[in-house]
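Only one chain comes next, encoded as structure tokens, the form predicted alone.
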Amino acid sequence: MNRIKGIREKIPDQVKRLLIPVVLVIAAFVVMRHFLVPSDFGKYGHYRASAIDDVISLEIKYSGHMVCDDCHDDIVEVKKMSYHRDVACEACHGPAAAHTEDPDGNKLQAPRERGYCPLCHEYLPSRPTGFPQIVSESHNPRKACISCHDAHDPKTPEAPKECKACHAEIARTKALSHHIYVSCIRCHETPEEHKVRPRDYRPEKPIRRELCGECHAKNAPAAKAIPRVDMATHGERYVCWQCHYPHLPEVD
């Protein structure tokens, strides 16, 4: 007893105070495990054994794309070669379990609301460069997306022309920028041979600050809404595109 008493006296007071919350936490853990943790927890793994029965009892609403493929093989052939090949059928058409059991009595509908396709295609700066995006307020407003685009093979209604044919990602990015109406050859001097042998004859990037200054200098004869800078002091010796991405200039 004297030995134990001696050990207690040697333990610092701060350690004794620290032991109090540690003991309380351990006690709380034991109590919670006894009263709050289900009795079948851990029987088959790190979850309730009865959770399996709970999941089985849920109503089946989704059928999966393989069931859709059995009846709509013509659409499957088109879709598997398109940009939407990895988009599940029910992501657009909704739960299809009832439809598979009674196709005539439970018909599925294609989404016609303007807000549906923009869930993926509305412009967001965080989306990958080149990913097809629109500004829904100005892109064919009040018109259903599927009235122009085939959702199973979502290609643009018009064939790409000129620069867009090869530089589709840049064209889609530029279509969302303030430079949408600026012609590519306005900034890039492009040899005519580039259309035939693009790797041998490449377009040139602007090397003169004055090119951007034709629109953005303080005294430029351009629209008032265009951002203006003092070309003598702004950016000093750097060419503008070294700081600003011209296909999507973010300066308001």
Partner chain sequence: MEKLAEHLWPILKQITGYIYPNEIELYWGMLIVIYPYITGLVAGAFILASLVKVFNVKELQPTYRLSLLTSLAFLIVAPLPLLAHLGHPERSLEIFLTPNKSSAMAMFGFVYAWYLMAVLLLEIWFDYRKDLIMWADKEKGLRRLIKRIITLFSTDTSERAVKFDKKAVKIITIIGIPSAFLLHGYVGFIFGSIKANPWWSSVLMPIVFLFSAIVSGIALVLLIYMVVTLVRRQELVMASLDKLANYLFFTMIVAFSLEALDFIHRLYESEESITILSQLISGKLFVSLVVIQFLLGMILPLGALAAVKLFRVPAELRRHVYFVSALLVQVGIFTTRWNVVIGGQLFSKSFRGLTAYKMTLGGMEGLLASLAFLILPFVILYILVKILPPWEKNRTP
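Numbering follows the first chain given and starts at 1. Not measured: the values here are computed from a predicted model.
If you look for the form predicted together with the partner chain, you will not find it shown, but the lines that follow are about it.
Contact between residue 224 and the partner chain in the model of the complex is not found at the 4.5 Å heavy atom cutoff. In the model of the complex, no heavy atom of residue 243 sits within 4.5 Å of the partner chain. The partner chain is not shown here, but in the model of the complex it comes within 4.5 Å of a heavy atom of residue 36. Not displayed here, the partner chain is kept clear of residue 230 by more than 4.5 Å at the level of heavy atoms in the model of the complex. Annotated contacts: 147, 149 and 201 are all free of the partner chain in the model of the complex [non-hydrogen atom within 4.5 angstroms]. Looking at 22-30, 187-195, 215-223, 202-210, the stretch with residues near the partner chain in the model of the complex, meaning non-hydrogen atoms within 4.5 angstroms, turns out to be 22-30.
Taking the partner chain as it sits in the model of the complex, the stretch 44-60 comes within 4.5 angstroms of it through a non-hydrogen atom at just one residue, 46.
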